[in-house]
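The data below hold one chain only, encoded as structure tokens and taken in the form predicted alone.
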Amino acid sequence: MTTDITASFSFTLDQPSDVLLQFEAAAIPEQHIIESHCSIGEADHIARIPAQDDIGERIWLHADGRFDIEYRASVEVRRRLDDLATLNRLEPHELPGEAVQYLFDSRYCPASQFQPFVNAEFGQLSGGQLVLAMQDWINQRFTYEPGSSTPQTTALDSFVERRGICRDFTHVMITLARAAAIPARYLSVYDPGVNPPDFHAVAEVFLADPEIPGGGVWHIIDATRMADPATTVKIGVGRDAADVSFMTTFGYAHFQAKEVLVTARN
């Protein structure tokens, strides 16, 4: 399956400032970049650096004035798609180092506070069946409502209000999974099923690999049910939204416009 992406956004810096961008499809084994083009403009300093877990790249800018970012890509998704309901959980002491950090509380995901709820609500389930039950629970009880949350909204806030956008659904999904000692991380993606088209957020959970004893595999899970792992294109990963924003400014910026279009073809 090939996913075609067109994305653009504009912003203005009033004075020389640093900006960290992450919006390009990651060049990783599970997705092949057929072609891509990125236009940023002139800056005093532009540098590419590896992103978290070496999934994708971040771009440092040091500049001022107006910037019009344009990006397009065609990506062949080659992702392994297992039946989550058949997958087991790895015990914490069996986890590889890369997954351990995704068991802990983070800025937007206070997982330790949710352990009593998870035990009471899902205690009879484990592994992939537990993850799917959590996804269903969020999807059935939360309302997707643009404008109902802010950049400060945590998973606890969303849990109380039962509404939000993809970012909030994902933070709750991550929090519940971590509360059950299943590593979960935040994933910034493109997907043709997102309506209206935009940068999208989903979760990834780390479950046992049925083909390799003692091994584990990351699996995409979207509590909004808009994204399809067969067409989802990864941009980057992090502990939560703070780690993988498409634009982080270290100074004041005027954000002016954004447009995203994502389509799938065989």
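Model, not experiment: these values are computed from the prediction. All residue numbers are counted from 1 along the displayed sequence.
The next section is about a form of this same protein that is not shown, the form predicted in complex with another copy of the chain.
Though the partner is left out of this view, residue 91 does reach within 4.5 Å of another copy of the chain in the predicted complex, counting heavy atoms only.
Another copy of the chain is not shown here, and in the predicted complex it never comes within 4.5 Å of any heavy atom of residue 200.
Interface membership of residue 106, defined by any non-hydrogen atom within 4.5 Å of another copy of the chain in the predicted complex, is confirmed. Interface membership of residue 152, defined by any non-hydrogen atom within 4.5 Å of another copy of the chain in the predicted complex, is confirmed.
Contact annotation for the candidate site: 18, 49 and 243 all lie close to another copy of the chain in the predicted complex (heavy atom within 4.5 Å). Across the options 214-222, 28-36, 201-209, 61-69, residues that bring heavy atoms within 4.5 Å of another copy of the chain in the predicted complex belong to 61-69.
Only one of the listed residues (73, 156, 84, 133) places a non-hydrogen atom within 4.5 angstroms of another copy of the chain in the predicted complex, and that residue is 156. Along 92-117, a non-hydrogen atom within 4.5 Å of another copy of the chain in the predicted complex is carried by 92, 93, 95, 96, 97, 100, 101, 103, 104, 105, 106, 107, 110, 113, 114, 116, 117, in order along the sequence.
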